[in-house]
Ligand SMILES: Cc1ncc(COP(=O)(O)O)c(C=O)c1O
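A single chain, nothing else alongside it, follows as structure tokens in the form predicted on its own.
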């Protein structure tokens, strides 16, 4: 443990979330309850970015690579540990949707003889991606939710011996629904198919173990519960599926010229131009990742590991449980299943413009999505006073 982590701990060893709140200046300017849209930075991540910006401003130059390679690589190792994967199974990505799209491109041969099963609580941009591929001939089967959850029996009805992939959001951005991922992975594997999970609304907020859960592929950006910035994320590809089921879809690697003036003595046994493809997870990356993203992720992932995802989940559960109890009582029915283990809850607002006006006037930030669905998503820096403020505004 570092000195910084010690300052966040209570005598019992659990985090002191009053001290955690002080690490997020956004908590001083509003009751910010929209972390499912974008999570504010901590002062520690902001300081790490400032250090990088200062270096780029005043010191950038050769040799530049060694200066930031270690933080970049540590971010990958920290993320791998967060989801119980190996670093050799993690690639850098620019966004969740781009990562899923590149994954599908790499699986084109595998998918060409079968179907993909997904559902309507998956992220809408992912569903758009699948519907566009459907127009190109891919067999896509979209399961409809029942009362804002997914019934495994409905999925079982459309999965068959031709199913190649089940694609889900581990936590739905619509209402925070946490998928029964083990049941879905067991179903996929029983049909010799694979499971992809969009984990952007889960990583950092919900415990994830890709091995125990049976997740074969996953991706996320860092600007939500990983407390990072946009334009940077991670892709998980199970080691034994790399280069076989999932082929690199964005060629990257090195080039060697074997003729003058590039080399003094050309080797007659080699072609004039040869290439060395990237291997392992690097084969799913193109060029450099965002170093700003990697440095911020390094700091925020250290912070999340210090707090512990189970402690984060316990802290936020008290806030969302209260919302589930009190908002329906004042006229905002919940569309999030009771007992759902995620930090995202959603409620129906009868008058969305009026609801949002009340919240804005009270200095409360929440989201209104899909017409009349008020989505509330507290995080580590939120407390019961923030919930009081929201309830007073809507009462």
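Residue numbers count along the first chain shown, from 1. Treat the numbers as computed from the prediction; the structure is a model and nothing was measured.
The following text describes the form predicted together with the ligand, which does not appear among the structures shown.
Visitor: Which one of 290, 129, 95, 283 is close to the ligand in the predicted complex, taking close to mean a heavy atom within 4.5 Å?
Guide: For this set of options, the contacting one is 95.
Visitor: Looking at 167, 201, 300, 175, which is the one with a non-hydrogen atom within 4.5 Å of the ligand in the predicted complex?
Guide: Exactly one residue meets the criterion: 201.
Visitor: Find out whether any non-hydrogen atom of residue 217 is located within 4.5 angstroms of the ligand in the predicted complex, and reply yes or no.
Guide: Answer no; every heavy atom of residue 217 is more than 4.5 Å from the ligand in the predicted complex.
Visitor: Would residue 194 count as touching the ligand in the predicted complex under a 4.5 Å heavy atom rule?
Guide: Residue 194: no, not in contact with the ligand in the predicted complex.
Visitor: If we define contact as a non-hydrogen atom of the residue within 4.5 angstroms of the partner, is residue 79 a contact of the ligand in the predicted complex?
Guide: No.
Visitor: Any of the heavy atoms of residue 223 lying within 4.5 Å of the ligand in the predicted complex?
Guide: Residue 223: yes, in contact with the ligand in the predicted complex.
Visitor: Pick from 223 to 231, 204 to 212, 147 to 155, 178 to 186: which stretch has a heavy atom within 4.5 Å of the ligand in the predicted complex?
Guide: Checking each option against the 4.5 Å cut-off leaves 223 to 231.
Visitor: In sequence order, which positions of 110 to 128 have a non-hydrogen atom within 4.5 Å of the ligand in the predicted complex?
Guide: Read in sequence order, the lone residue that approaches the ligand (within 4.5 Å, in the predicted complex) is 123.
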